[in-house]
Ligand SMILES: Nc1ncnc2c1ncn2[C@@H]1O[C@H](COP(=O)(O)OP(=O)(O)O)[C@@H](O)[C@H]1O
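Read the single chain below, which is given as structure tokens and is the form predicted on its own.
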Amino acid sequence: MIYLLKLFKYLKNYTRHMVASMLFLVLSVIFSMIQPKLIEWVIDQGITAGILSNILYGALGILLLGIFGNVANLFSGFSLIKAGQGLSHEVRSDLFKKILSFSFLNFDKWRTGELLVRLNSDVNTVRMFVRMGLFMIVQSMVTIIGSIIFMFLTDVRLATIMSIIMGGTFILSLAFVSIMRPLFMKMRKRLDELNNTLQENLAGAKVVRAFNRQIFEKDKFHGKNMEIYKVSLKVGYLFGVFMPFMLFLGNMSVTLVLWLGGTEIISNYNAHTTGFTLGQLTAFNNYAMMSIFPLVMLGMVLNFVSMASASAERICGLLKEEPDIVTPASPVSAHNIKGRIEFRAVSFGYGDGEDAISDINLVIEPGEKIGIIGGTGSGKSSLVNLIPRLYEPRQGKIIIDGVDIKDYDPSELRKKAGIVLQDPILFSGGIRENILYGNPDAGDERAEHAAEIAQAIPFITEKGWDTAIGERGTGLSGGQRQRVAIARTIAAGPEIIILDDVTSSLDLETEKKVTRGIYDELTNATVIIISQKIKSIKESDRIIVMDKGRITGIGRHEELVSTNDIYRQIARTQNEYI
């Protein structure tokens, strides 16, 4: 419940709507409370007394109270809708802002399916609680309290009996809530797992078909779906037992009131004495029904509270996730970065695992063209991911132009240090829009120049600059996606350009043209190219050889062939020995 209360801070901009809603709701209940008393008056002073005018006046009063009550109820609902939608809008916006602030390490902790459930299903659950749950809680509580007061005003003995029954009913409702809450949490976790499985299959649909694993994935999805089915079935069964039982208690209490009250009326009639009247019994019976059924509904709402609390806990868990990389209070301006990069005894690892790179000491001068090569798992990508501060080193410092990168604003630093990742991701939209993604204000000339360097002009001209491409770049081949991604980084105009093995899908001739174009055209930029192929980095100013997270050699191609065993072996296997 505490997490749900924490989210209520998002209602501060809708305070007037909440206040108006509660006032209209209370007013609606008051109108409802008055109606049984009017019915009592009509029966005792109209029907029993035989006065037609009293019957007409009473009927008119009941009609007007009903109209006023429904109008007040309507306004209350409209105000709550505004507040609920506002809360969901602001919570979802803050969740998305939080996700955008995440570093790569944060994303390593959270799966896509979990994030989607929190932004959609969990937020909607909290919204529905504000819209319906609060409405029902306030309405039920005010109705129950008002009914009890009017029952005691009508007949103390019957009111005492009803109070005992209502207390027992409320205790049963609380017990039911304690049983249901763990099930709701379990159901949310199962929904996370199902969404993760679904997301992975949609993202990897081509891989599933390429390996003919449709049956395996179908069985896996069926298993996750079955787990939700079983938990949901248990929840449904418990509700199926609880609700009829509570309604049975409600009907039995009303029957008891009618029997006790009716017996007293008959006894008074036979004894020719005055006392408890038929109008009072009718009014008391109405109050009893008005109290017991909201109490049953309150039991349902308390379970709604459990659902909303479970969702709120998950939302708050995401909101309190601290970005691994923070912006300094007074960041150093990155506007005049030239591109000198220095690693000082840098070590880094993922999570709690062993170091991916260890004790790296390296200086890259402004405008230098660097190639990095090494086997799988040698730490190449880990090394370059630290430069734009996608991850934080465990030990040591990374200095750019004499300033620790932790002293730069990360967003400003990444404008100056552009990276093309191994798996190039494009967005739905036109090719031109994707190339200008990092610099939307750049013109067509900038986009065309970047595409020319990336050797993308021929296929873009054929397809059309504004031709829409699908999610993640569907509609383009792997090599075409890589060239658009390279052009996107070049068009952003960074002083440091990092290409993390992004020419793997290009033929040797195109790859050579891309590398040559970057080196020739971006003479002032510091360029770092990771590649598994010596041909791609052979003409670099210096080549860095990595193995098991350490730098084992630095030099030009000819030098490394003669001095570095690892490089020599790679050169021999690729016929680049000379």
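Remember, it's a predicted structure, so these values are computed and weren't measured experimentally. Numbering starts at 1 and runs along the sequence shown.
Below: the form predicted together with the named molecule, not depicted.
Quick check: do S28, V71 and F75 each get a heavy atom within 4.5 Å of the named molecule in the predicted bound form?
No: none of S28, V71 and F75 comes within 4.5 Å of the named molecule in the predicted bound form.
Among 436 to 444, 115 to 123, 248 to 256, 372 to 380, which stretch has residues whose heavy atoms lie within 4.5 Å of the named molecule in the predicted bound form?
Looking at the partner contacts, the answer comes out as 372 to 380.
Would you mind picking the one in F102, F343, F293, Y391 that has a heavy atom within 4.5 Å of the named molecule in the predicted bound form?
Of the listed residues, the single hit is Y391.
Looking at D108, E452, D359, E322, which is the one with a non-hydrogen atom within 4.5 Å of the named molecule in the predicted bound form?
Exactly one listed residue reaches within 4.5 Å, namely D108.
How about F239: is it within 4.5 Å of the named molecule in the predicted bound form, going by heavy atoms?
Flag for F239 set to no.
Is Y350 close to the named molecule in the predicted bound form, meaning a heavy atom pair under 4.5 Å apart or at it?
Answer yes; at least one heavy atom of Y350 falls within 4.5 Å of the named molecule in the predicted bound form.
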